[in-house]
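Only one chain is included here, represented as structure tokens and corresponding to the form predicted alone.
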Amino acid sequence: MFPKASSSQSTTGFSGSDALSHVYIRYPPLRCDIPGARGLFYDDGNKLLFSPTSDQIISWKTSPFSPLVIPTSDSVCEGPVLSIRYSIDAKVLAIQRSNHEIQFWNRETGNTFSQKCKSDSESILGFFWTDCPTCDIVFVKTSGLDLFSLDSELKSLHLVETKRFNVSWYVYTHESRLVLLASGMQCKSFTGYQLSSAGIIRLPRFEMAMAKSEANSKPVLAAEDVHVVTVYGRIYCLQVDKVAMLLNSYRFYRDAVVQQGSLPIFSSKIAVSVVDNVLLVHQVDAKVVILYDIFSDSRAPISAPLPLLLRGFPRSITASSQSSSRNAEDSEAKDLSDTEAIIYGDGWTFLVPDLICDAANGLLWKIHLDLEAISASSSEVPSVLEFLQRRKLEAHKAKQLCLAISRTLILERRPVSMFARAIDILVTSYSYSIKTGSYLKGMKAEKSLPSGVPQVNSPSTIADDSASRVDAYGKSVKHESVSGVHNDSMNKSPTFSGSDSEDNVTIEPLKTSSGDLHSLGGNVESKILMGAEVPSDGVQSGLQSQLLGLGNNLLNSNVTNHQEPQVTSAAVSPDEMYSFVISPVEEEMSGDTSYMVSIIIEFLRSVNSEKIKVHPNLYVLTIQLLARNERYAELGLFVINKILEPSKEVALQLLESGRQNIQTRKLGLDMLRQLSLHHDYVVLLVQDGYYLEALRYARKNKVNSVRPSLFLEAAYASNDPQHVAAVLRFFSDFIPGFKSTSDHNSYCRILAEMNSSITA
């Protein structure tokens, strides 16, 4: 159950025109304030929020999040409620009535039964349902774990296994299927179990680091200071050390738990969320949130600490709540503002991974990232692009921002080397998304479960991968062990997320020698919990200042306002780069062809390194730019060295640009012949006046698709009766039935007239 607020000293935050934030909650929230309710409870296994009354359990579906979701209810007997959870298949409702009893309801038949502790010396700390093949539900007790299976008739529990050890408190998330059990005088010794569809895995026992404020002091670790999160398919435990003011990070392997560095904190009260694999550390007392991305190359946050904002709140309500009027409307608006516009209220509870429950006011909020604001807050373009390419929840917006950044780089004439680094990131990401099939996928239909219960997450076994794995580029990546006291070095990771489904990760052993890990808190090089560096000067460049507007407006002329496609990857294809960046930018930079050619060459270099095909229009544009500056020698080298891939479009553009340069036109003709475009080659030879050569080529390559009249008209235009006669004889000899056509009769008559005029 979530605690009620004892006071309200929190601030009210609105998204005014001068407000800037990287994280926000959107109005309206999901309202779950029921008269007579006995608090709010969250079931992360089924993504349900519960509000029990004297004889009912009212529940709201929280995934997908909708403020207008219609609640469902189950009738139950009156009694105290300490915890509520549905079974994985949503057929059984379990309610913890006391520290010694849990009551069960069969939702189909209405039958009930209870399970109690056998000894008064032990008490139930909590319970959770599992999809483990050996058990259905786990009781966490002060004496250890009791694993039960539910009988086929759903009438009783059968004890499967008991794991005995002292437990002070525990932390469990269904997302990770991991339960951490704290013990010891300081509650800093932990035993972990992962109970998933793959079975039960016991993690090695480990201790968390805690600084001492005084020599003889022994601070006690509280449950609210330990957070289990899943980021990029890996399980991490984050521990708040209030004395050292650090957030210690631990990563779970099958055979080791490794401390992987620490992050500074600036508040004694810390909350943690994960949104789209971005770690959000809420500094509750300071009322700011700091973002970290574990794939970045620095332990610095992604951006500067900024407040959490409330967006979409009606301005009329805001204005009326701040006025001094005493009429009824203003009073009602003020009450609404006081309950719904409080940021970091005392009654706030942060739910894994991205929800906020305001138990005091009966509200549920969902946390969102502002990708545009994050992009605009950093001048490190490569880091921003890497960050955007890893986003999946708003992949379409991330893609638009990447295109906007690329376009701005060119418009501002940034150094070609900077564009080269940016385009390498985008091309590599696209290549990886094609290999993994994540570029475009349709949204799968959500299967609904009985009584409005949402579909349960697919099973996950998440304590981490082995020390040797394959990264996003297909290369082997191995952990490197280092020695030392400080956890400053962290694990190298691929640039892009290695899987589309972050839920399905298997536990593998950490393969290191005994000398690599001096202790469970030893050093393993791992770059976790890091982000792009924040500019120290605080001055935004033109790129930064334009990003927010570009994110919404840059592509409006090119992208329709229809429903966004179901894009699961922010990868940018070469065709999109040409259509939305290079082509429109070239029109705006018509006077600087040399720079545009350099940009295109870098783009071609990058795509060729990944063996990706590009649209011929890009090659056509390159030819136009080179010809515009009369750089025909370079153009010839580009064609000869296959920098410009041969195609019909490229050949025709070479012919067009070759009107002022015969060598370029010859390159176009040669390309048509190399591509076996015999018809086009013959027609162009005739148009250039080489109709006799065209006849020989047509006969040699058996080209019979060209109209005879085309050759006859060219021969007649030469005013040479011998050529006309030769062409007539050629078609008469090699095309059956030609003598009976109107062309034969007409040009025989014309030939006779030409001969008679010569004789006269």
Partner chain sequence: MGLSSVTTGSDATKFCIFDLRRGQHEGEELDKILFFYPADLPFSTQLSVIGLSEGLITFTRIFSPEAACEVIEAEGHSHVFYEAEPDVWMVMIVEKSKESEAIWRIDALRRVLKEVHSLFMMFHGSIRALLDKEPSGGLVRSHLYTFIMDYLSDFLVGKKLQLPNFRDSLKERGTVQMLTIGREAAIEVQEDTINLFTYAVLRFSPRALSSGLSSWSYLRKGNVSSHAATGSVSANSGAVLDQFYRSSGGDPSYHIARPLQQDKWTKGKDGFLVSDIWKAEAGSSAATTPTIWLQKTEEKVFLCTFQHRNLTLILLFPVISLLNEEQGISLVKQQVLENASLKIVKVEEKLSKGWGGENAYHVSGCRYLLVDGDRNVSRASPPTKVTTLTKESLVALNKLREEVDLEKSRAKSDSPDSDKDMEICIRAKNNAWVIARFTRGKELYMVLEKANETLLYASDTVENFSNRYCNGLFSLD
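From a predicted model like this one, the values you see are computed outputs, not experimental measurements. Residue numbers count along the first chain shown, from 1.
One more form of this protein, predicted together with the partner chain, exists but is not displayed; see below.
- In the model of the complex, the partner chain stays beyond 4.5 Å of every heavy atom belonging to Y170.
- Although the partner is absent here, N629 is a contact residue: one of its heavy atoms lies within 4.5 angstroms of the partner chain in the model of the complex.
- Put simply, T134 is far from the partner chain in the model of the complex: not one heavy atom of it is within 4.5 Å.
- Although the partner is absent here, E634 lies within 4.5 Å of the partner chain in the model of the complex, judged by heavy atoms.
- The candidate stretches are 155 to 163, 106 to 114, 686 to 694, 572 to 580, and the one lying within 4.5 Å of the partner chain in the model of the complex by heavy atoms is 686 to 694.
- Contact check at 4.5 Å (heavy atoms) against the partner chain in the model of the complex: none of S143, D151 and L181 pass.
- None of E586, E602, E207, E649 but one reaches within 4.5 angstroms of the partner chain in the model of the complex through a heavy atom, and that residue is E602.
- Note on the partner interface in the model of the complex: the residue among Q674, S75, S217, S123 having a heavy atom within 4.5 angstroms of the partner chain is Q674.
- Contacts of stretch 640 to 661 with the partner chain in the model of the complex, defined by any heavy atom lying within 4.5 Å, are made by I640, N641, K642, I643, E645, listed in sequence order.
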